[in-house]
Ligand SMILES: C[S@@+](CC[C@H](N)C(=O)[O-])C[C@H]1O[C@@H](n2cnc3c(N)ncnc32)[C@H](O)[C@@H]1O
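First, one chain by itself in structure tokens, the form predicted on its own.
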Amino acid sequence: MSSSEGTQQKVDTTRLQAIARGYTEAAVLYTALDISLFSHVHNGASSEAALVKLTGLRPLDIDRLVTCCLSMGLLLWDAGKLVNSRDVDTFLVEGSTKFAGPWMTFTRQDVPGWFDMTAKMRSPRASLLGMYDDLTVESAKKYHEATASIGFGAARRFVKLVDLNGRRHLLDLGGGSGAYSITAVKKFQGLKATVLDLPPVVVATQDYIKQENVQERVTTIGADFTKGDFPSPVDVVVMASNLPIYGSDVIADVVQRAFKALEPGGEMHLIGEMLDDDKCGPLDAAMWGMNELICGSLGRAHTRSDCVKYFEKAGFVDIEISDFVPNVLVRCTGWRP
């Protein structure tokens, strides 16, 4: 046996087993949220006995759940007492302004579909909007209750990175809760914004606009942005966190119509989950593309170079592409000459 063979690491199934059983970690997280485990720990329930008393569950099941959460790094030991990990304590404690529990369970209802993926591929039934074909006001409000906290966090990052001083009118395509529009008009004096989204969605948008008291500066249009002319003139267009929902032809057309709506010197920002050009990641972008199979749409994951090409074809210049949230979101920006 050669020395190289002797030092070569043996191949085993450990990584493949972890992938095959990945769903178990998601299930543990969902259950912990169901019983407010992290909220109880935050509020002082530092032992399994205390958690049994608060939840009414069997000691055996609390032991099982706590053991899994400790093994996953969601809970930690501190001088013999249970405490939340730092990220759990920041984002998964009910009542906190940063509580992201609804976002964590946002795709829980899709779980059965992921395990039926093979059948969906063999008998494909898809539409342009997929799950949004049957959207109601009630489901739109529920959707944005889950996504708004994340959306406003991204919007705060956007206004830190992008200087909109001197801009007058922002068009927010598929703006949902209106997070980008609301945050932008509150940051930049003189800026107004229009959120264009499906009719049931903008009913929910108007609730957020009222909550933030920006009714005079943010308006809504109920429409499908995949067709028709956009309101004009505008000098900023933002399309954020809906990129994988659509196929290449649709995105290219949206970017082209956005270009036409912009005044000379105007800018467009496309923010979404983008793959690296070799398609080897990030995994999150790839999975959001696959999620569109589960949701029944014609969407897909787009690469960074795909998005640059959409902008080039539309006529944008000085195109830039950069990490927005590393390994999660990428921002592609272009200017109309």
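Residue indices: 1-based, along the sequence shown. Predicted, not measured: the structure shown is a model, and the values here were computed from it.
If you look for the form predicted together with this ligand, you will not find it shown, but the lines that follow are about it.
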> Counting only heavy atoms and a 4.5 Å cutoff, which of 190-198, 259-267, 87-95, 110-118 contacts this ligand in the model of the complex?
Replying inline: 190-198
> this ligand isn't shown here, but in the model of the complex which of Glu145, Asp253, Asp224, Asp207 has a heavy atom within 4.5 Å of it?
Replying inline: Asp224
> Counting only non-hydrogen atoms and a 4.5 angstroms cut-off, does Ser241 reach this ligand in the model of the complex?
Replying inline: yes
>> How about Leu82 - does it come within 4.5 Å of this ligand in the model of the complex, if we only consider non-hydrogen atoms?
In response: no
>> With the partner left out here, check for me: in the model of the complex, does some heavy atom of Val214 sit within 4.5 Å of this ligand?
In response: no
> So in the model of the complex, does any heavy atom of Gly151 sit within 4.5 Å of this ligand?
Replying inline: yes
>> Residues Gly174, Tyr180 and Tyr246 are flagged as a possible site; in the model of the complex, is every one of them within 4.5 Å of this ligand by some non-hydrogen atom?
In response: yes
